[in-house]
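In structure tokens, the next block holds one chain alone, the form predicted on its own.
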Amino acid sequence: MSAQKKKAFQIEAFKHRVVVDPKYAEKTWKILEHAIHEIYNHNASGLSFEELYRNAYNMVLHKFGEKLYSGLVTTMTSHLKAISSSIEAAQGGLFLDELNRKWAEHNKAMQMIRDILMYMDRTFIPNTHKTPVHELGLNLWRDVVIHSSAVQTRLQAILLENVRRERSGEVIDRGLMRSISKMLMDLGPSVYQDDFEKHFLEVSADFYRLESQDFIESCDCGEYLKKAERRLNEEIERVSHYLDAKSEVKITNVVEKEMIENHMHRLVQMENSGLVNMIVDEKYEDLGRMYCLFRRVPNGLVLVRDVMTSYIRDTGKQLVTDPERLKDPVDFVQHLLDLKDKYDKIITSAFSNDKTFQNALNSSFEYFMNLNSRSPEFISLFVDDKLRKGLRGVTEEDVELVLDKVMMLFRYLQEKDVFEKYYKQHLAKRLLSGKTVSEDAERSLIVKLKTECGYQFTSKLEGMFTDMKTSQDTMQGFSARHGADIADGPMLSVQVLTTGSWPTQPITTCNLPAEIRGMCEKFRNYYLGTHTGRRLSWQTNMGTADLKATFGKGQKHELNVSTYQMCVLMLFNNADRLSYKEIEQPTEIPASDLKRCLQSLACVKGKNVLRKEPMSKDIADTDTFLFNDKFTSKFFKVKIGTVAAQRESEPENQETRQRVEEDRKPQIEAAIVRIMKARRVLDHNNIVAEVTKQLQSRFLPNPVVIKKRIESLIEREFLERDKGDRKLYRYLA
């Protein structure tokens, strides 16, 4: 069964003509006009709104909508003119109150009128494209009241005067200001903007231009920024209390331009209180305020960052080139770390941890640290100092913190291979002398270096630890084999070092005492018997010894000395007095080492087990040495360290540099071959760029050296020059 189609119902007008009284429209309008007058005169309580609605409905229905609408406009206009006159007559401070009261009354009247004319509002007005009743009321209020010449200028002046008074610290009626401001916004955005906001912004710009000029002449930078911040917050608060929310961006832009942007160069560079002084005096609050204010204006932070970068680079350059600072490498590096901590704290607490500032700080440190070619050596000496004694008794977390800071400085180095060279030397001395604070700390640093630079960088360092462990096992085997034979002799502990893993040391001659020499031979025979195809070379300059010594009045001490010092002291078993030559000839210790050795035995107060004649700090070839039987110490164990050079002398430094340069050559060549193997044909400039890119994690290769290595590879037929273009190279398989 199919569904029946629904019929659409339609209501049609009467077919017969309805006769209307010719005076109907006039009579009905008079009734409605009277009602509108009564509403405006506050006598609406006696009106029948139902009857009035029906009258208005009938007028529209009988095609008198136009008469009704035009009559409404005329009647409202006449009432609003009267209202405008009463507002104009209001004296002084009562003006805004009167305006606000009349506006509230007008809105109430409009509500009632709209209810009466609701049918016209819904049918006649949309069909004829006229302005709806409520909007008509707003437009008439705007044109008749607000835009009357007397009200418009006076309203604008009073509003601006109230803002000025509030800026001067006076209390104003914010509720009234909010009502008037809302009225202007209700009349349309253009009314609020043209009648108030535009003039408000112009007056504000003039106000802050003059005030900022006064402040900048009388305040220091910190005070000025406080005042600017306070003014900015006041304007934001003012908007939230009684202005349009959209005004906030506009007024804050005015304050920012007049108080910050126009004076930012002078503020940053202000004498005795600008950015540099804030950094020096660690004024975190002022710096934070500067950052927050300057980020609001174009290029504000760029200026702050540039001035800070320039200052950091200048002070850093002074630090790394100061001859006094360079005398103590440990203090030099500590000063760098303190400086970095200081700037890190500023960036974290004052500059919201801004990455652009952090990058600027990193580039500044990289710039000035690499101005001093000895930075890699000094960082290694700092590590050496910390891992020998500086971290004793420190918690594991604090050790990690120090190592992380060292790694941070290490990242700034361009010559990481130079650091590796020194670090390997210093690590070797620590391991061999057993003076490292913590093997865990040593290994932790190597892991960090490995993470930073890769396996190649640390493979030899890890080999050094392997040798130390293997040596312990070897000594246990030696003791097990020869325990009975060596029980009565000196105790011997040997570390067997793999030549490739440890820093190369010149093999120096030194005649060991006979009893020690015998023990060494036994060990040599044992080791070579258990390992075939190996050679042993004694590094006497790297060993230590513990000696039992008896001084005057039978006082006994155990002396911890170097192998060289042991050789010297053992000579005094057979003589109380020896000249420099009488020590040098039987021991055959190199002159420079012997002098340092004698200096530590005879010239260090509290450690002087020998006496020197004549007494002086330096050792001469003509000096004579005597056993000091009056030596006393409150400790049974006395450690006599060699007077070691804290840092390399200039010739030693040059020698290390030459060794580094030699080590770099095969690395540069390997990089060139790798690149050419992949690219087959490449021009000179691109090879230099690619090689630099590949090697910059270890060092920055010199373009001149790269050119020489290319020439060497051409000679050895790894590469050839293109016959047509001399700057083009080809790889030869």
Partner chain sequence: MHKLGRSHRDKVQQFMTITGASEKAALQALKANLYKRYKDPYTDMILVDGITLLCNDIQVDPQDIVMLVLSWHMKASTMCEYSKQEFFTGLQALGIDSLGKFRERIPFMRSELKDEQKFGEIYNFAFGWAKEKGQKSLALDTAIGMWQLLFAEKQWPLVDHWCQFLQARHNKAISRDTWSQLLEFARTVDTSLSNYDAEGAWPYLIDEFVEYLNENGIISNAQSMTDWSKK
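Numbering follows the first chain given and starts at 1. In this text the structure is predicted, and so the values were computed from the model without any measurement.
One more form of this protein should be noted, the form predicted in complex with the partner chain, which is absent from this view; the next part is about it.
- Taking the partner from the other structure, the partner chain in the model of the complex has a heavy atom within 4.5 Å of a heavy atom of R716.
- In the model of the complex, at least one heavy atom of H684 sits within 4.5 Å of a heavy atom of the partner chain.
- Mapping the unseen interface onto this chain, K677 falls outside it, with no heavy atom inside 4.5 Å of the partner chain in the model of the complex.
- Shown alone here, K707 lies within 4.5 Å of the partner chain in the model of the complex, counting heavy atoms only.
- With the partner chain left out of view, the stretch that reaches within 4.5 Å of it through heavy atoms in the model of the complex is, among 667 to 675, 23 to 31, 684 to 692, 66 to 74, 684 to 692.
- Along 716 to 732, these residues reach a heavy atom to within 4.5 Å of the partner chain in the model of the complex: R716, E717, R721, R726, K727, Y729.
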